[in-house]
Ligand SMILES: NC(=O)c1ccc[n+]([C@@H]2O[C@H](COP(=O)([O-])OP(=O)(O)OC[C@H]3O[C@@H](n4cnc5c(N)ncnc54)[C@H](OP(=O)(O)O)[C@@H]3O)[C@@H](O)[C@H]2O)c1
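Just one chain is shown here, as structure tokens, and it is the form predicted on its own.
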Amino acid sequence: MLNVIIAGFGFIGRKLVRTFHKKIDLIKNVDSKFKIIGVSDSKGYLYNLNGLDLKRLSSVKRLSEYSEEYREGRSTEEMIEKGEANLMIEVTPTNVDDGEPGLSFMKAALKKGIHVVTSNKGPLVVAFRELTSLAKRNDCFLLYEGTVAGAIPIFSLIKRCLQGDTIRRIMGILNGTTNYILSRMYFEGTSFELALKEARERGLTERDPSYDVDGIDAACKAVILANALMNRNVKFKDVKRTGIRRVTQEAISLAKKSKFAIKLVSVIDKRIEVSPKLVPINHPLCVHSTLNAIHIETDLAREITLIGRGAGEETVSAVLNDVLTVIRETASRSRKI
């Protein structure tokens, strides 16, 4: 039986609540007693041990609109410390500088033996080893499929389906915004400045577009992939990073004539690098628009490429799958006791 709390009620948090409401029959087929008992935002939280009304919660934009149960001025840490939840879904905004506030929330939950599912890159970039060690020490699940490439099941695939393989190399297009910009430049002859303006108008960029165009977002995801799948212990500062600001229309045109496209590619092998690279147009990594792609090279399976949407509401698919995994695994543990 999972009592769930959600830290964060922004874009992903609201989408997640609506998905839980829409998929509640599927979830309850796995755990008939599943309920969300708490949700927090930056100003307070809702809490009801009997379970919050998902239909009503799905209809509000701010938690304070839900009911008088909203505890304004109270903290997420207080909600965690109640200790009545056994799973926290952490979906607060990403902060790659120090991982906060999500890092503190995750630490507090894991220390109390609360499983954690997250789509927040920041804490994993800053403190991957610390968080995974804390989870192991307290016999908790820490799942983070939604942190890299949206709905693409990269961690699930490698950890469950390629358990006997050694990962030799990972290459990826891990940022949909830069891929959109470069695709507009490739197909339409659009300038970098105009393509970036279009991306901002379509809501494809981070609040600070430099996170996208300077390769910061892609570098963060490369760090998580390296640490989680290749047993590295790298930090953001270890990534050799070059963004796409200097990619000109002339360079795009020359590449196109030679049957290449310029893409912002993350490479993880002995090095860890994010930079614009020439990709053959017939290579499976050469995807366009906002798509992400991850190309894996292993000793046994050889080469596998995963392609999918890498941002926005597709991330909810990954979070939901992680939640269902926790439900099934905790139920399996209970049966063995």
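Predicted model only: the values in this text are computed from it and were never measured. The numbering used is simple: start at 1 and walk along the sequence shown.
Same protein, other form: the form predicted in complex with the ligand, not shown, and the subject of what follows.
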Any of the heavy atoms of N120 lying within 4.5 Å of the ligand in the model of the complex?
yes
State yes or no: in the model of the complex, is some non-hydrogen atom of S42 no more than 4.5 angstroms from a non-hydrogen atom of the ligand?
yes
Although the partner isn't part of this model, could you tell me whether T92 comes within 4.5 Å of the ligand in the model of the complex, counting any heavy atom of the residue?
yes
Report whether the minimum heavy atom distance between G312 and the ligand in the model of the complex is within 4.5 Å.
yes
From G176, G146, G99, G215: within 4.5 Å of the ligand in the model of the complex by heavy atoms is G146
For the spot marked by Y180, F192 and K259, is every residue within 4.5 Å of the ligand in the model of the complex through some heavy atom?
no
Just to confirm the contact call: exactly one of 133-141, 152-160, 234-242, 100-108 touches the ligand in the model of the complex at a 4.5 Å heavy atom cutoff, so which is it?
100-108
Does any residue in 5-21 get within 4.5 Å of the ligand in the model of the complex, counting heavy atoms only, and if so which ones?
G8, F9, G10, F11, I12, G13
